[in-house]
Every structure is written in structure tokens, then in C-alpha cells.
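Form predicted on its own, single chain, as C-alpha cells, below.
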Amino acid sequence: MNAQSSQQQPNDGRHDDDAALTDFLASLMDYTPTIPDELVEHYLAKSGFQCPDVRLTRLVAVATQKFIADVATDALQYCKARQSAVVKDKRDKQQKDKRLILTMEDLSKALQEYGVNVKHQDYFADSPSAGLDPVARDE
């Protein structure tokens, strides 16, 4: 009798997982993600994936939203750490402006934690017309 009950417990747990997954997928039908379905479908199609099920598209949208939120939170922590280090260096000068300025370095460090390497090129403008079209320079 114990053998039967021990065999039923994993099946019951599996049944609970299946029921939870079914409930979660059903709840995705009523959920409107921050990232539009059309945008997710575009990038899924661009990568070669097509699925007519809206629930799967919304699941990808929710996962993407979570990833972006995690990266933004980590970048904010890097920004706060960087700006607090600057304040410690300049103790004599008190800052009235307490706004946080997110830099590309903060974002790059946060993305690096998730395995995304961002290499950005340094841009230098030696004149006000640098970076403009040649036609726009003449005007």
C-alpha cells in the first residue's frame, strides 16, 4: 500500500504543476503586456519562430518585460554606486541636484551580468556640424 501511495504522490505533484501551468496560460489571455503582441510577433517571426497561439506570444512578452526590468534595476544600482562614489570624493562641494544620470557604462555593466556584451563607440564632435549630412552642413 505504501508503494502505491508513493507512486501517486509524484503524479499528484505533476498534476498540480500541470493545473498551475494551465491556469497561468489561461490568465495570459486576459493580460495585456507592456510590450505589444505585434512587436513580439515581429521579432519572433524575424528569428524564424511562428506560433498562432497568443498565449505563447504573451509569455515571451512577459519574460522580455522581466528581463528589461531586471537590467534596468541593476543599471540603477550601478548608477547609484557611481554617483555616491563621486559625492564621497567631493565632500566639500554639496550637490543640490540629486537626479540620477544613467550612463551607457551603467547599462553595459548591468547587461554584462546577463551575458550581453555591449561595445559602444566613443563619439567625438570637433565642430557643431560633425555628424550631419554633407548637404545639411552647407546650409
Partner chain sequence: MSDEGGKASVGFLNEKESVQTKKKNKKLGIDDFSEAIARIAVAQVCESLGFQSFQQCALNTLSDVGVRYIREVGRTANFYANLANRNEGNVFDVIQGLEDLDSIQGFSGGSDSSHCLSGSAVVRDIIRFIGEVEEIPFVYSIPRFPVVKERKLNPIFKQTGESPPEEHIPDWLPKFPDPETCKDLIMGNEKELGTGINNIIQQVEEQNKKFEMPLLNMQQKLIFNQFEKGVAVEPEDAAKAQKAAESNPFLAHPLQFGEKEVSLPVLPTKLYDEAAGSHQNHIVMDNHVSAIEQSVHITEAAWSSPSELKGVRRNILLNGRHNVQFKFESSRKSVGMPIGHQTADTEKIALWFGDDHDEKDETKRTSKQILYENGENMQEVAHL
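Numbering follows the first chain given and starts at 1. Quick caveat, the model's predicted, so the values are computed rather than measured.
This protein has a second form, the form predicted in complex with the partner chain, left out of what is shown; the following refers to that one.
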Self-check item: Touches the partner chain in the predicted complex: Ala72 (any heavy atom, 4.5 Å)
Solution: yes
Practice problem: Would you check, heavy atoms only and a 4.5 Å threshold, whether Ser84 touches the partner chain in the predicted complex? | Solution: no
Quiz item: Contact between Ala26 and the partner chain in the predicted complex at 4.5 Å, heavy atoms?
Solution: no
Quiz prompt | Partner contacts in the predicted complex for 35-64 (non-hydrogen atom within 4.5 angstroms of the partner chain) | solution = Ile35, Pro36, Glu38, Leu39, Val40, Glu41, His42, Tyr43, Leu44, Lys46, Ser47, Gly48, Phe49, Gln50, Cys51, Pro52, Leu56, Leu59, Val60, Val62, Ala63, Thr64
